[in-house]
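One chain is shown next in structure tokens, namely the form predicted alone.
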């Protein structure tokens, strides 16, 4: 029997999708629709109406009106806290449904849907965490340089209308990472999800509606980036753009924002190193290194550690351990709990990854395992077997460019200094890790590597911790206090204390 995801669509009750504008679910006025093709089978399994530029304008106008004329930015702190916590409770109540809908969107194996960082539990906690900041958004009082004629203070105010654009690989998590702090700060939002992962976002928008988010405060526009997304990021009514996705699109967003000096935060991917020293359990380190690119979304994560920098004395053993981990991969129906690894999101990404594998061999990398695609019933999907290249030079394309697929490059290093040099020898700086039992060395390396987040003998992302990148990995942070600050403006107020201030 051929692999099919259509029965799961019926179980989830997924219907054709609509945009959510000014408190109403609406069809796109363009009359166009987008067909959702599931990456595990390439079956056509859903549709949604595409929002035109006019639809985007209506959504931004609604958000503008809700911010400029509505009560939302001026809500009592206790009321906004109560609403955001209601959203959190509903997300937790529907966690299993959202996990399954996300699998329907992007093929993330259901076995990984409960992994905290991509789950509705993370999203629920993100809303709860940011609700806790609402009554702690505060400015400061400052002394004057010239005496006591003035009192100086600062106010923190919401930046305004936020355009949020999220990718397909972790829609549930990233919805919360952007929407929760924006709403907590008092902003209004127009969100565009990836056209390749829309239905879980629609369900989350329904939850916001059920929680009682006021009309126009949150809006959802559906469609491809080239049309719907372009209309959103160039709209003059948008005060801030927050985006997660490719470096190329991030650069376009900076260009669009520059025309009107809109605020921008960007998370643009990485080429993260995993530095493995000789004093660790090699089998465990090998499983971690290969598992990050072969399990779950098969390396389609911005912070996947796709460069394994391995000390020479354990290099061969680690490569052998990584091969064993790759062999443990299982593909199939992503709703099957026994399946460990998902497909690539579409044919274009499949072709891109295959091209990188070919280039890796052509440039002299030693292909140890993978590099091919599974056959049989799986041949209809966008699957690529976990691929390991050994003896990679850090200047090779597969060591420098973000592949976004199940490809690990193993690179030997001599000593600590050599490892740090190789780790920093990239235009990216999103994440990194070190595996060692020497805590002093771990701290030295953590301080020396140029990355926005760093793991010691493990790596994670949490809603209360800032996440973002150095260099071309982006601007700004999501999570924690820094996330809230990204949606605020600072206003300085000077108060004259005498009748004749100078």
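Numbering follows the first chain given and starts at 1. Computed from a predicted model, the values in this text were never measured in an experiment.
One more form of this protein exists, namely the form predicted in complex with a small molecule; it is left out here, but the text below deals with it.
In the predicted complex, does each of 195, 225 and 243 have a heavy atom within 4.5 Å of the small molecule?
Yes, each of 195, 225 and 243 comes within 4.5 Å of the small molecule in the predicted complex.
Counting only non-hydrogen atoms, which stretch in 112-120, 267-275, 286-294, 136-144 is within 4.5 Å of the small molecule in the predicted complex?
Answer to the contact question: 267-275.
At 4.5 Å between heavy atoms, is residue 423 in contact with the small molecule in the predicted complex?
Because no heavy atom of residue 423 falls inside 4.5 Å of the small molecule in the predicted complex, the answer is no.
So, in the predicted complex, is residue 252 in contact with the small molecule at a 4.5 angstroms heavy atom limit?
Because a heavy atom of residue 252 falls inside 4.5 Å of the small molecule in the predicted complex, the answer is yes.
Evaluate residue 48 for contact with the small molecule in the predicted complex, applying a 4.5 angstroms cut-off between non-hydrogen atoms, and reply yes or no.
Residue 48: no contact with the small molecule in the predicted complex.
Mark residue 239 yes when one of its heavy atoms lies within 4.5 Å of a heavy atom of the small molecule in the predicted complex, and no otherwise.
No, residue 239 stays farther than 4.5 Å from the small molecule in the predicted complex.
Tell me, which of 186, 412, 167, 405 has a heavy atom within 4.5 angstroms of the small molecule in the predicted complex?
Checked against the cut-off, the match is 167.
Can you work out which of 325, 207, 302, 262 has a heavy atom no more than 4.5 Å from the small molecule in the predicted complex?
Checked against the cut-off, the match is 302.
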